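Below sits a lone chain in structure tokens, taken as the form predicted alone.
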Amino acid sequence: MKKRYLSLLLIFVITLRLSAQQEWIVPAENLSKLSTFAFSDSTRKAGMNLYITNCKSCHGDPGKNNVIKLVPPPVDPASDRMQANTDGGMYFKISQGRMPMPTFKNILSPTDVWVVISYLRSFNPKYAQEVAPKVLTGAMVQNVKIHLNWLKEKDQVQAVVSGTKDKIEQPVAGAEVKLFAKRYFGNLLIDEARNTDAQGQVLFNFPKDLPGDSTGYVQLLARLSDEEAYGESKSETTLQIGVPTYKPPLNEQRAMWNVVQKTPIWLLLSYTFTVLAVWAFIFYVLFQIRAISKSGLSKDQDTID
């Protein structure tokens, strides 16, 4: 009897845990977040391309319910369950992620996330967008630019943010900046997000073992977190701040796609023997034809004699 109660209790706990996993709570302050631009055919088209690249492998084709089999399973973007989210809820979930869904905040820019949401909302005929009001504090600054430098004496990366206000270029103070090292699969966040000082400057520390290319160069990406206020401001540059890392090219070792000098021995031997066998067969056929021809000539000669 005791074992039976324990079994029932275990089943109850597992059920609660699974229910908790399926329920994704979005912080209240994120639920009301809105896009600063109106969704259009162009944003939906751009969002479709981003969705195919980053989301389709798990969420499948919207409306087809062909999601990948995971625990918990991904949600079909066209389903009522997905469309019941607020725009801010979608933004939070796409940006932050939750296992098994990865986080996309270091892969997609805030504008990219809204563009994806624009595409997802196209499957909801009842959806009516509400656009966020203009943020005057950042909107007053135009043509925001970010310049990256390596302060070798301090061994830090410096970001300088400036913009034009009343047609005068001046530093942008209090803007949150994020610095990333670009990688093949997403971007690696360098240090924590930091705010610019009164001169529009901010300094970032970076790992001393940060891998670079063969000469130590690292491709960096800096962007402002508050794109709603300052627009999509980002800057890319390459600085020699990493550890030189040699990445052998695909054709360095012996491989089937390589040149003759580095082709695998077994492939060279197989190719050589195949060519020799083909030519041997050709010569054998020619020899047989010649023998048959001679045999025919001999019979004709015997008949004449």
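In this text, residue numbers run from 1 along the sequence as written. Quick caveat: nothing in here was measured; it's all calculated off a predicted structure.
We do not show the form predicted together with ligand HEC, though everything after this point is about it.
Student: With a 4.5 Å heavy atom cut-off, would you call I241 a contact of ligand HEC in the model of the complex?
Tutor: Outside the cut-off, so no.
Student: Would you classify T245 as touching ligand HEC in the model of the complex, given a 4.5 Å non-hydrogen atom cut-off?
Tutor: No, T245 stays farther than 4.5 Å from ligand HEC in the model of the complex.
Student: I'd like to know if L224 sits close to ligand HEC in the model of the complex, meaning any non-hydrogen atom pair within 4.5 angstroms.
Tutor: L224 lies outside the contact set for ligand HEC.
Student: Even though ligand HEC is not shown here, does K33 get within 4.5 Å of it in the model of the complex, heavy atoms only?
Tutor: Contact with ligand HEC, no.
Student: Which one of V278, L268, L70, A38 is close to ligand HEC in the model of the complex, taking close to mean a heavy atom within 4.5 Å?
Tutor: It is L70 that has a heavy atom within 4.5 Å of the partner.
Student: Could you spot which one of K93, K105, K178, K234 gets a heavy atom to within 4.5 Å of ligand HEC in the model of the complex?
Tutor: None of the other options qualify; the answer is K93.
Student: Since the partner isn't included here, can you check whether ligand HEC sits close to all of W24, V75 and M101 in the model of the complex (heavy atom within 4.5 Å for each)?
Tutor: Spot residues vs ligand HEC: full contact, yes.
Student: Any idea which of 162-170, 203-211, 82-90, 141-149 reaches within 4.5 Å of ligand HEC in the model of the complex, heavy atoms considered?
Tutor: Only one stretch passes the 4.5 Å heavy-atom test: 82-90.
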